[in-house]
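Here you get one chain, nothing else, as structure tokens; it is the form predicted on its own.
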């Protein structure tokens, strides 16, 4: 009985491997989208970790100091200083906002690339056109966050437009590439729905391994927890935060106008409120993103050419980091920078796991290329 079961498992694995090999051919769009998607997600998360450590907290401190200086300038009736201070605050917010946007756009482009890889069997286009669209998408996914990142540093220097700099031009052009690629993919999917012809590769192989099932189950649980926490935050904290923000700003303005010297208290309260709100929103969004990532990765496990032991290790590392990061982000309100450091370590675990899976994808592609070269 055990021998029969073992042979059945070997037969299933051999069938899965054959299907994966056909769909993962050197000229396939699926290979490029899977590799590009995992690389974009890992790169976006690495950039996000670097930003959190070296920019986020320093930027928040400088914004608080500038806001306090603005309140003091209002109290002194110094209009010129007010103009300079608010210009400085605008620069700080742009510096932070462009980096957050670059991080988010890169990771989201990676998620979308993995999703597109899953639907390639249902895109009724020629392999050449599908690979062209995949190249356009990956190029846009790289150039878009680069352009967003450069907006703050390039500004309007040497730009022929009065309000649009070269960084924005690059970002908008990359966005246009993504739109063209997605429009082409949608056209191919429409052709499939209309005719059901033109599909040149098999459907994705069904992965029944422990790694695939653990990722799918863990991702579903993370998504559920993220939605539940988001609903709890919206019902319990969201409106109270908005009311507190209005009250603090009114108090700050009243004290500044009446020349009271304790504006620092209001500025501190406002900073604490902003930090609490940002922490809870970040925990909510990160746990949902990691759940989606785990679910997408569960479908690409047939293309990760690693031993079963290593695949299990990378899955456990990824799920551990996916839980650690949002939990300790949430605990930053109580534990401060200690929780922030542990959260960054959780993000690093996810990045390491993605790197391990990316190596497995590269090995799978290299194995196929080597076999094709030996046949040639």
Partner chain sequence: MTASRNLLVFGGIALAAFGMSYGLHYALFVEHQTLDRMGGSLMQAFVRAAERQMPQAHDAIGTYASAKYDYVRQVDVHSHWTGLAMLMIVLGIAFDGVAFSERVRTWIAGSLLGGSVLFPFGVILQTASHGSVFGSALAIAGSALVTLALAAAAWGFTRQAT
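Numbering follows the first chain given and starts at 1. This one's a predicted model, so the numbers in the text were calculated from it and none came from an experiment.
There is another form of the same protein, the form predicted together with its partner chain; it is not shown, and what comes next is about it.
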Could you spot which one of 190, 232, 210, 153 gets a heavy atom to within 4.5 Å of its partner chain in the predicted complex?
-> 190
Residue among 270, 166, 149, 305 with a heavy atom within 4.5 Å of its partner chain in the predicted complex = 270
Close approach of residue 105 to its partner chain in the predicted complex, 4.5 Å, heavy atom = yes
Does any heavy atom of residue 77 come within 4.5 Å of a heavy atom of its partner chain in the predicted complex?
-> yes
Would you check, heavy atoms only and a 4.5 Å threshold, whether residue 242 touches its partner chain in the predicted complex?
-> yes
Could you confirm whether residue 295 comes within 4.5 Å of its partner chain in the predicted complex, counting heavy atoms only?
-> yes
Pull the contact list for 221-248: residues with a heavy atom within 4.5 Å of its partner chain in the predicted complex, in sequence order.
-> 223, 224, 227, 228, 238, 239, 242, 245, 246
